[in-house]
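Quick heads-up: it's one chain on its own, the form predicted on its own, in structure tokens.
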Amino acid sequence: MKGIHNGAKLYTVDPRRTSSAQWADLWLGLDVGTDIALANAVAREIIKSGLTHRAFIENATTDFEAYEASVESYTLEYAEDITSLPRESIREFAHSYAKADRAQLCWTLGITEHYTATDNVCALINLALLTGHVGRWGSGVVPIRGQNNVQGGGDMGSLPNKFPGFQDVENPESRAKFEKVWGTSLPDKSGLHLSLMFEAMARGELTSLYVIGENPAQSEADVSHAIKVLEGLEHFVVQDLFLTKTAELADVVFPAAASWAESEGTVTSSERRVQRVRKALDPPGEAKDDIEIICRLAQAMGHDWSVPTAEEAWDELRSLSPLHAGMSYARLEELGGLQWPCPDENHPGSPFLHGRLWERPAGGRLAPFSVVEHVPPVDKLSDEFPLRLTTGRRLDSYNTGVQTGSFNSPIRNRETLDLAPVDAERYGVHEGQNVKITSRRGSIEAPVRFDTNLRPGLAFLTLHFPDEVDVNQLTIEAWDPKSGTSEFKATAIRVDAT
């Protein structure tokens, strides 16, 4: 908002006219699942209008010619037909973004919870490379995280193909380094991401599961199937702050400390800034710090890891991850945080992850353009399922409501199916009426709320109140083959009066 008040332009691309969109200079209310068609059309317009940053492209990127050829068919007329956006609006956005002195592309789950999740992101990265809006102050690509330490989780090796510091599991040199310090052999193949794990559980190949701080019994797409799979496990362990619906299915539950107040450690923000977290309270009852739980479990299984302090665990991490090597607790305390890469204790941290691309010649690996094509949502609209349901958040609540549902909010209302008034009239339902919502996977009920910020043909539900309105009974479990993310944002439904 400060930027807008200071004269910055805001363009909002969202099927819904959200509160952010109401502040925008232009709202691009595209059809759900047409992000790539829009991005490619913007790219073509920038190229055809001679607005590319040729010097940056030649110095810092690869594969431009193939990319240029791939967007040739994405004319403004074609994009208008696919996205339902006026071609003049697409052209305005393309010219404004390309001509800006500084520009950022920010996104959230709206483009990543799709069958084409990774390609959606690559389409935006292409635009940044095309215009040189990356690696400079005020310019960049900015994934907005939904919680304060999402970045840190990935950094610490919670990805199935990466060790801490994003070092490849299948790289022999990386593996040997970790094997030496950890004193054991490690698998030479990447593990399974969440969606593949559920498929392996359904086949009976994965029979034991350890869940830390997650609630898949309510957060997974096609949740009825997910619960059935979890119930079929031979052994199921959950470690969490709360007795979630997932924990209720477990054989063993480890009560964990609240890391933001009851543990020592670090947290990493979206800008890669590592900061200290300091313990303020002792955990209640039998709750333990995550480190203690894991180390005591190892001891029970015959491995004496002792119970290192948070700083000792962090120093081991620093010894193995070049990105974090220079981030001692003392420096984090003194400087109020550091941004990785920070390879040694004389390094100031890295405000710009991709600043190296402006060196001549560019430092490190060049940035590749990606050829990505528009693919429609998997769950197709039809006469039987004519409405497109998309899901999202409301300001006062978070995810499945485990963390936010136990306290009252003055701005929280009961969950509703939001419809454009014209759609409510078309289906013969009135505001406040309870309706039956059906997809190809199941049915739920919810009261209707009219929302004039929704385009005709689009419906909206949140995932915050699964005990009342379990939207993930409806969503499809089709997932992006590159990231494993399910297509939560594009479900075909119908609405029937009850």
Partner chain sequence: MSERLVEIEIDGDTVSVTEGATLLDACRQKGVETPTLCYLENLTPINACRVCVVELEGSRILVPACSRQAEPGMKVKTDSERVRHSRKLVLELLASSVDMSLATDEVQGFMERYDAKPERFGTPAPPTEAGDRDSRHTGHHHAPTGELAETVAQPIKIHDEMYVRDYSRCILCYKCVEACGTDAQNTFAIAVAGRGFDARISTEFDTLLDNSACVYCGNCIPVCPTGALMFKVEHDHREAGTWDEAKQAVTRTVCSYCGVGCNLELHVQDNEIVRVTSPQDHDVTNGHLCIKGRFGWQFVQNRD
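Throughout, rigid core stands for the largest set of C-alpha atoms superposing within 1.5 Å between the two forms. Predicted model only: the values in this text are computed from it and were never measured. Numbering follows the first chain given and starts at 1.
Only in words, not in the display: the form predicted in complex with its partner chain, which the text now covers.
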Please tell me whether the candidate spot formed by Arg145, Leu241 and Pro410 is one where all three residues come within 4.5 Å of its partner chain in the predicted bound form (heavy atoms). yes
Of 265-273, 98-106, 186-194, 310-318, the segment with heavy atoms within 4.5 Å of its partner chain in the predicted bound form is residues 265-273
Can you tell me if Ala497 lies within 4.5 angstroms of its partner chain in the predicted bound form, counting non-hydrogen atoms only? no
With the cut-off set at 4.5 Å between non-hydrogen atoms, does Thr404 touch its partner chain in the predicted bound form? yes
Taking the shortest heavy atom distance, is Ala258 within 4.5 Å of its partner chain in the predicted bound form? yes
Please tell me whether any heavy atom belonging to Lys279 falls inside 4.5 Å of a heavy atom of its partner chain, as the geometry stands in the predicted bound form. yes
Which residue among Pro284, Gly204, Gly428, Gly153 has a heavy atom within 4.5 angstroms of its partner chain in the predicted bound form? Pro284
Gly336, Pro172, Gly138, Pro348 - the one with a heavy atom within 4.5 Å of its partner chain in the predicted bound form: Gly336
Interface residues of 369-400 toward its partner chain, as seen in the predicted bound form [heavy atoms, 4.5 Å]: Arg393, Leu395, Asp396, Ser397, Tyr398
Answer yes if the CA of Gly153 moves 2 Å or more between the shown form and the other one after aligning the rigid core, and no otherwise. no
For Gly191, is the C-alpha shift between the shown form and the other one 2 Å or more after core superposition? no
Once everything's superposed on the core, is Pro348 shifted 2 Å or more at the Cα between the shown form and the other one? yes
